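Taking the form predicted alone, here's one chain by itself in structure tokens.
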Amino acid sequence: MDADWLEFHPDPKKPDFVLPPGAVDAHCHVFGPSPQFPFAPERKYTPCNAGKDKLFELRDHLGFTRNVIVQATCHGKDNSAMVDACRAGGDLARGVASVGAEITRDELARMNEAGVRGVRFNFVKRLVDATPRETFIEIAEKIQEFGWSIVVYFEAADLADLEPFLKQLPGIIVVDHMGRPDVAKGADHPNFQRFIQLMDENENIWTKVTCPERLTVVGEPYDDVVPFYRRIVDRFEDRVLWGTDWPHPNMKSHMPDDGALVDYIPRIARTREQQHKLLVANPMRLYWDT
């Protein structure tokens, strides 16, 4: 693994917050383990091994019932590790794949049978090479037969450029980490208000209220990110998801305690109804009831 790589927390706390029955960790990853599942030659980083057994162990420790496993960029378009984890998890796991325009219907059908329910389009330049937007539209059209959704990952500075493209995509779109707002600018800044307006005007756009450890400026316990999450959860409680982001790829400042991240949830979803929608009803509707 990379010399500066931070490995996942070895002993996360047992959360004080008791998750509702059936709770879903709707954003997590698997890395390898290699050499069984080699990392992609074109990868931008080389992580530690963090396979399905460790993921399911964490799921049980934290009190989740299910996982949505998002393809990690270190594996490129080889979805073998993610699909293997989905098959091992059975009905308790779903997946989000990374694919190219060359993907065939038969390949999509096999992944669908394994539990894959979406594709991810990544626009973060430090993580992936640029892909023509026409390619993404072609992929989006191919997956409509299976009722899959689309996860998009971008940073706040790129929203203005991406907005026309996002509005072309069919089906449900899920934005990772609220489009990574610049927390230092505050929740009233026009950049974040633009993201809220995007969700206001497009009812097919959902978002993940995830990764305070990535967005924070002041550090733990991530107080500065709370206002952003509350704005989104209060306004769009039927279109939000939550996940640990385990094993937290490319963290440079610190490695979060996953139990403490679970304890963060009632700070951003403040009623039992919001918590149930965020953790159970919404992810079940998107990834299991299709």
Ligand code: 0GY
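Treat the numbers as computed from the prediction; the structure is a model and nothing was measured. We number the residues from 1 along the sequence you see.
Although not depicted, the form predicted in complex with the ligand is the subject of the following passage.
- At the 4.5 Å threshold, heavy atoms of residue 206 stay clear of the ligand in the model of the complex, well away from it.
- Within 4.5 Å of some heavy atom of the ligand in the model of the complex lies at least one heavy atom of residue 250.
- Although the partner is absent here, residue 153 lies within 4.5 Å of the ligand in the model of the complex, judged by heavy atoms.
- In the model of the complex, at least one heavy atom of residue 71 sits within 4.5 Å of the ligand.
- The partner is not drawn, yet in the model of the complex one stretch among 79 to 87, 108 to 116, 175 to 183, 129 to 137 has residues with heavy atoms inside 4.5 Å of the ligand: 175 to 183.
- Using a 4.5 Å heavy atom cutoff, 27, 45 and 245 all lie near the ligand in the model of the complex.
- Contacts with the ligand in the model of the complex, taken as any heavy atom within 4.5 Å, map within 196 to 230 to 214 alone.
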